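Take a look at this single chain, the form predicted on its own, given in structure tokens.
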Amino acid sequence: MAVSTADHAAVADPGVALAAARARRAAGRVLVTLARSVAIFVPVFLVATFLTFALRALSGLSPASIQLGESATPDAVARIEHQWGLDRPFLAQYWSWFTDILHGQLGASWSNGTNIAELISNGLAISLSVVTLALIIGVVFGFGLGTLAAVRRTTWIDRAITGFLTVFSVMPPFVVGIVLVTVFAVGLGWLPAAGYVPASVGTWPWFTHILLPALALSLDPMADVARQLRSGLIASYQENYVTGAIVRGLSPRRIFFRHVLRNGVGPALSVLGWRFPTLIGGSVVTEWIFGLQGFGRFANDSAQAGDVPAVQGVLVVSIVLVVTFNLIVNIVLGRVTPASQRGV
């Protein structure tokens, strides 16, 4: 019977077979986590989109009220609603709208007839740039401060970090934004005070325009990540497997990275799952302060104008973003933390 090259290598080197088995187990865990997440998120997406579409019926708004104003006649209202297909049965409207969403079409604005997908994509590029940088800053500094506080627990370093994090967590982003503009834009002149430059124009101009709003949004997630990481690491240090590793003579560095960090990072990663939508929703005021025509500001303007298709498009995109980000977090959790790998 013929034996493959891989089998020969496995027989010759048992480590190869062990590494291959570990890779298969890791891939299986990722697939199981992905399947579980999809099984949860698909019905959530269906229910959320249905409720989103029901928004127009619940609001009682019509494109005729925007286009015709108070002088609208019943015949004119009926004509405009027929043009928009609003005189069809509710479920028929929903099915057409839902199938369009699956093809990436979000309809047209009641206000000016502009493609909503284009409007949202323009604002989303700005908001995602700011929010992504804010998350990176929050995660990097949050992990650093949380780790330092856990390693130096009960010392003055731990108390100082905890105090700073408490102050950061209660400072509203718009207050931080005003302070940052006053100091770094007006006072020192290091960074622009407002506006946005696409990355296609230049990486450095793009970065300098999003840095201050990202810093304003990053303090709250940084404080949350640091607090959760500190608590998780301290709890991991008290487990029996850490005591056993110390008895076996493992170095403190190896104990931390091999046992403590992997078992204590779960709460810090989990908090990112709900921090992302919070940052997207909380960016409205920050975008006003820094003169950004982002996703949050577009959502606010659409809601004030009564532009229901635009609001529906914003909600659908928000649902997709939240579901996707939480799916990524769940996969990372299933891959990194041993408790998740065991199904605990």
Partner chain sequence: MVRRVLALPTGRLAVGILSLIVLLAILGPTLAPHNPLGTSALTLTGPSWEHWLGTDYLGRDVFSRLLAGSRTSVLGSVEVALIALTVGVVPGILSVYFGRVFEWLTLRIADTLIALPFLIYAVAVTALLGNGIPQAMFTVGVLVSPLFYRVARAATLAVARSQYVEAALISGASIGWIARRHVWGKVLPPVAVALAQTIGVGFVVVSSLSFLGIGVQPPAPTWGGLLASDLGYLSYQPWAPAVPALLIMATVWGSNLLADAIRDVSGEAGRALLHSRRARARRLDPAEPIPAGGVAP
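Between two forms, the rigid core is the largest collection of C-alphas that superpose within 1.5 Å. Computed from a prediction, not measured in an experiment: that's the story for all the values here. Numbering follows the first chain given and starts at 1.
The same protein also exists as the form predicted together with the partner chain; that form is not shown, yet it is the one meant from here on.
Although the partner is absent here, P252 lies within 4.5 Å of the partner chain in the model of the complex, judged by heavy atoms. Taking the partner from elsewhere, A35 is found to have every heavy atom lying beyond 4.5 Å of the partner chain in the model of the complex. Interface membership of L91, defined by any non-hydrogen atom within 4.5 Å of the partner chain in the model of the complex, is ruled out.
Although the partner is absent from this view, G266 stays clear of the partner chain in the model of the complex, with no non-hydrogen atom inside 4.5 angstroms.
Of the listed positions (I136, A199, A125, M171), a single one reaches within 4.5 angstroms of the partner chain by any non-hydrogen atom in the model of the complex, namely M171. With the partner left out here, the partner chain still marks one of 128-136, 141-149, 229-237, 100-108 in the model of the complex; by a 4.5 Å heavy atom cut-off that stretch is 229-237. Taking the partner chain as positioned in the model of the complex, the residues of 310-331 that bring a heavy atom within 4.5 Å of it are, in sequence order, V311, V314, L315, S318, I319, V322, V323.
Relative to the superposed core, W97 shifts its CA atom by 2 Å or more between this form and the one not shown. A displacement of 2 angstroms or greater separates the C-alpha positions of G306 between this form and the one not shown, with the rigid core held in common.
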